[in-house]
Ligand SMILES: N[C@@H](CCSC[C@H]1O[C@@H](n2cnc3c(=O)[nH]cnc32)[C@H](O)[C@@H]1O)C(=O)O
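Starting off, we have a lone chain in the form predicted alone, written out as C-alpha cells.
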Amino acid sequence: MILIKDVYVNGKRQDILIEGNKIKKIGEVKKEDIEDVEIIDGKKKIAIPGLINTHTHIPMTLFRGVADDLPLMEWLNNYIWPMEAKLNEKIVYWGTLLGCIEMIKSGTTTFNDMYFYLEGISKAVDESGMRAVLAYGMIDLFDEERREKELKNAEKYIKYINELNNSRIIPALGPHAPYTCSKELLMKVNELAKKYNVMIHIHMNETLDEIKTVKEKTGMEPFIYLNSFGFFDDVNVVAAHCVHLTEGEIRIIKEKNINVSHNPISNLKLASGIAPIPKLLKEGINVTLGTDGCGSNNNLNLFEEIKITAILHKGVNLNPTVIKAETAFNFATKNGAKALNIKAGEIKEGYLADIVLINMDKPFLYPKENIMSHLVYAFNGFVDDVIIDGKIVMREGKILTVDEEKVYEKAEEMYEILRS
C-alpha cells in the first residue's frame, strides 16, 4: 500500500490511499489503521492524474534534431525513412527507454504508440513501469506481397503482447495512413480489430499533399473514402492529426465516435496546419493530445502541448474564451483515457493508480490562487513523483525503475549507429 498524506487533490487537501494498482480511498486516512504502508508526505504537493499521450513514435527519441525545418514528405523520404531502415530491436529498445524516462519526468504515465520492433518497445515499457498501447506500424504501399507480410506482423504482435500477460501493455493495430495503405489492408485491419477486440491507431489528414493524393486516387477525402468501405464500423479508432477536415468528414468523425489526437506542436513545426479543434468540440468529438515523434516536435513533454493547445486556438480564432485551461488539461487526461479505454485520467476511488505529484515550491507556481491555470499556462512540465499502476516509478525526481545514466550512454551509442 501507498499513502499520500495531506496532498492537494480535487480542490482540497486530503489523503490518497493506494492498494494494488487502484486508488482505494480519497479523504482522511489514519496511518495507524493500515499496516505495511509506504507514506509520501504531500504537504507541499499537488496530485494530478498521470498524463496520457495518444500519438507517439517513441523510439524516434534517437531522431531528435536529425532533420529540422523541412516539409513533411522531404523530411520522411530523405531523412527519416533511410535512418529507420537501419533500426533493429536493440536500437529500438534503448530509444524507447530514453523516451520513457523523458515522459515519466514530465508527468506522462500512458502513451499510445505506432512503430516497429515491438519486442524492444515492450521490453522497455515493462522495465520502465509505464503503461502503453502498442501497435505495429503497417505500410504496404499498395503491394500485395507486402500487404500480406504487414498483416502477418500485425497479428503476430497482437498475440505477442497478449502473451506477455502484462496489464500495462495493450496491443493495437496501426495502419500508417490512407495514402500508404491499400483498401484491402485497411479492410482487413477492421476485421482484425473486431476479432481481437483491439483499437486502431492511424494518421489522418495531416497534410494537404496527402489529402490531394487520396482524392486523386479515390475521388474522395480520406475520412469519406475510409468510411465508404466500413473502416470505422464497430471499432475504436484514434485518428492522429486531423488537420484539414471538410464538414462531411467532421460528421463522420462524430457519427463513428472517432477519437482525435491533436498534435499541435508537430503540426506547427512541419507547417502542416492547425486542426479545427473548436469545431470538433462543438460537435462533441473526443479530442486528446499527442506529441508525435521526437523527430518532429522535438520532445515528449505533454505539458507543452496542453499550453500550446490552450493558446493557439485563441489566437487563430481571435477569441480568448476558446479552449479554456481545464478543457486543454482534460484533453491530456480524462479524454485520453476514454480514447484508450482505460480507467484512468482522473483521481477517483476505484480508478487506476496513475498519479503525478508536483511540489508547489516553484516560482512559476505562485501565488497558489488558481492551480489549474498554473498547470496549463505556467508549468514547465518537470514533476517530482510519479506512480504508475500503484508502483512508485519516480521519487523526488529520481527514476527508480531504470539506470538513467546507462540509458543516456546507450542512446548516444545507438544514434552513432543510425547516422553511420
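Given the structure is predicted, the values throughout are model-derived calculations rather than measurements. For every residue, the number given is its place in the sequence shown, counted from 1.
There is another form of the same protein, the form predicted in complex with the ligand; it is not shown, and what comes next is about it.
- The candidate spot formed by 151, 201 and 231 lies out of contact with the ligand in the predicted bound form, as no residue has a heavy atom within 4.5 Å of it.
- Of the stretches 304-312, 92-100, 130-138, 279-287, only 130-138 has residues with a heavy atom within 4.5 Å of the ligand in the predicted bound form.
- Of the heavy atoms in residue 223, none are within 4.5 Å of the ligand in the predicted bound form.
- Although the partner is absent here, residue 262 is not a contact residue: none of its heavy atoms lies within 4.5 angstroms of the ligand in the predicted bound form.
- Under a 4.5 angstroms non-hydrogen atom cutoff, the ligand in the predicted bound form has residue 270 among its neighbouring residues.
- The closest heavy atom approach of residue 45 to the ligand in the predicted bound form falls outside 4.5 Å.
- The partner is absent here, but in the predicted bound form a heavy atom of 146, alone among 146, 348, 343, 194, sits within 4.5 Å of the ligand.
- Residue-level contacts in the predicted bound form: of 323, 80, 235, 170, one residue has a heavy atom within 4.5 Å of the ligand, and it is 80.
- Counting a residue when any of its non-hydrogen atoms is within 4.5 Å of the ligand in the predicted bound form, the hits in 64-81 run 72, 75, 76, 80, 81.
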